[in-house]
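What follows is a single chain, given as structure tokens, in the form predicted alone.
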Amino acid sequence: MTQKISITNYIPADHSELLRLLLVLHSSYFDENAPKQFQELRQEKSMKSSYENYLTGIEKNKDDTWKILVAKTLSGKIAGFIIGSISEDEELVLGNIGRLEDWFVEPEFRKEGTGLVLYNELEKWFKSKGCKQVTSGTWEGNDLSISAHKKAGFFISEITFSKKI
């Protein structure tokens, strides 16, 4: 990384900046990159309210099944974040599953390894919690995300179909 970045656990003081970045990820970036049909199916009534509730729910989580990590510059600016959760599928041999929920790095901090460092720290947390696999999703055509996932060692394992009726 060319700029000095530190990875820290999310704290409530990060709330407003993380909310801003979630809205960037899920509004402008999503609008620019996701297929139009998919955008229509995933359009939210109030994106800000939806992501405010999402963050508040994670903050209230007391069973340690959610983790938010942030990448901060020396000045304290959040350059990126990653959010993960853990679930259990008792029917699977590798049923303790880490789920990469959201992952975003500000454009000026991309191609410096920030995203991979965030992911590696989240994976360490998953392993410490006994996870045996990690899943994640993106939408068709999100080449930046697909490339980042492949760099982190993921393979494409499933295709989901959607249809408006």
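Remember, it's a predicted structure, so these values are computed and weren't measured experimentally. The numbering used is simple: start at 1 and walk along the sequence shown.
The following text describes the form predicted together with a small molecule, which does not appear among the structures shown.
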Are any of the heavy atoms in W103 no more than 4.5 Å from a heavy atom of the small molecule in the predicted complex? yes
Heavy atom of M47 within 4.5 Å of the small molecule in the predicted complex: no
Evaluate R20 for contact with the small molecule in the predicted complex, applying a 4.5 angstroms cut-off between non-hydrogen atoms, and reply yes or no. no
Can you tell me if H15 lies within 4.5 angstroms of the small molecule in the predicted complex, counting non-hydrogen atoms only? no
The small molecule isn't shown here, but in the predicted complex, which of 58 to 66, 34 to 42, 121 to 129, 135 to 143 has heavy atoms within 4.5 Å of it? 135 to 143
